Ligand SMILES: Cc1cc2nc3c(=O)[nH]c(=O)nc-3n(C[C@H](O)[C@H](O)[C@H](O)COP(=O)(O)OP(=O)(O)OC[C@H]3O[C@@H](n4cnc5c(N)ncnc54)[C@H](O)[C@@H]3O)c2cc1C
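One chain comes next, on its own, written out as structure tokens in the form predicted on its own.
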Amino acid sequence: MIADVIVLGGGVAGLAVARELALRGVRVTLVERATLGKEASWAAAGMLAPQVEADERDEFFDFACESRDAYPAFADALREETGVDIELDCTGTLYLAFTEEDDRECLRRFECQRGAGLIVERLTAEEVRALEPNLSPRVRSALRFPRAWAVENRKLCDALARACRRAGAEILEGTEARSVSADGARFASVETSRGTLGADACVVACGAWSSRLPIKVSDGAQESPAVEPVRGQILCYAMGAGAPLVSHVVYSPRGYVVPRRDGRLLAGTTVERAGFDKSVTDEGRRAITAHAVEIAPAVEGLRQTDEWAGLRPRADDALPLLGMSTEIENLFYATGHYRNGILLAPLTGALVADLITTGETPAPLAPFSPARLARANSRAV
């Protein structure tokens, strides 16, 4: 198969872009160094909750909310294409306050978001424990975000992979992208462990590994997206038969718990600069357990069944890199999603595909162009 577009990276961002392009009749080859969806996308907890940690309304917040709002139609489309239910859970999310400082933060966030016309409720301790009786008696108050949802991210990865294949994309798993080359100022080819692949365009969606990919500009220089890995650890518990411990996703300022339909409870997370080390550490276990028990003391009696860590791709300013290279025409980026890869998948796929197929940058993508970091680096020099 001769590709029109090569997508490098089989995480949720690369899969979403490849699916959108293939559905539009573009010949796509997706190159994944290991197994589709088995890195940060697999290790996530699947929250779709831009409001929960938002302190202001800006372009990124609006982008994230637009992507969240796309999820019901996105989930329906994936089910239609593949038969896979990605378990979109619209129960909502609770954000708990345990201290006076937490209370003040909740009130400030409530007033800020209500003032911006967003949907958020402020609950007393009695009201929140009526919703979730297993929460700690130490809860002072809470915010409820009815439009902060969750999805089973592993099923999402499976659905996207199936959708890509069904739409005709060529998938090369176990294939390492070793370098990207340009002919003059235009993308030319990708050197892989299976040989050289040529196409009209290329999308770098390698997540935390994006900055490890040599991108060769014609004058011998190299372009390198500034993306670093940030480790996040998660513990998994069995809630057992019967009613779940909690039915909402529940946050505190220090951690969160996420119920799954199959009886699992996920607890997280850490934010660590540990290079490419995906170990689960004793320190991480202790911190996550303490934060989960603060939320719901009964967690202490649950059986831990699994644990894992993922490497989130963080750009220098913690915003995604979405758009065309500043140095190479027809080389595009869809990376740097940091802690929001699952949330941003629908909009990333649709808008990056728009950019590639029309040559015009959709307005919501403009703030996340790679050019912003090039400008920042030139000012720093």
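From 1 onward, residues are counted along the sequence shown. As the structure is a computational prediction, the values presented were derived from the model and not from experiment.
Keep in mind that the form predicted together with the ligand is missing from the display, and what follows is about it.
_For a quick test of understanding: in the model of the complex, does each of Ala13, Ala177 and Gly341 have a heavy atom within 4.5 Å of the ligand?_
Every residue of the candidate spot has a heavy atom within 4.5 Å of the ligand in the model of the complex.
*4.5 Å heavy atom contact, Thr269 to the ligand in the model of the complex*: Although the ligand is absent here, Thr269 would touch it in the model of the complex, with heavy atoms inside 4.5 Å.
*Would Leu78 show up as a contact with the ligand in the model of the complex if we use heavy atoms at 4.5 Å?*
The answer is no: Leu78 has no heavy atom within 4.5 Å of the ligand.
_Partner proximity in the model of the complex: Gln51 to the ligand, non-hydrogen atom cutoff 4.5 Å_ = Judged by the heavy-atom cut-off of 4.5 Å, Gln51 is well away from the ligand in the model of the complex.
*Evaluate Leu213 for contact with the ligand in the model of the complex, applying a 4.5 angstroms cut-off between non-hydrogen atoms, and reply yes or no.*
Yes, Leu213 sits close enough to the ligand in the model of the complex that at least one of its heavy atoms falls within 4.5 Å.
*Go through Leu331, Leu321, Ala45, Ala353 and name the one with a heavy atom inside 4.5 Å of the ligand in the model of the complex.*
Selected residue: Ala45.
*Using heavy atoms only and a 4.5 Å cut-off, determine which of Leu143, Ala161, Val139, Cys206 is in contact with the ligand in the model of the complex.*
Partner contact (heavy atom, 4.5 Å) among the options: Cys206.
*Any idea which of 104-112, 90-98, 198-206, 124-132 reaches within 4.5 Å of the ligand in the model of the complex, heavy atoms considered?*
Residues of 198-206 come within 4.5 Å of the partner.
*Let me know which residues along 275-314 have a heavy atom within 4.5 Å of the ligand in the model of the complex, or say none if there are none.*
Result: Gly310, Leu311, Arg312, Pro313.
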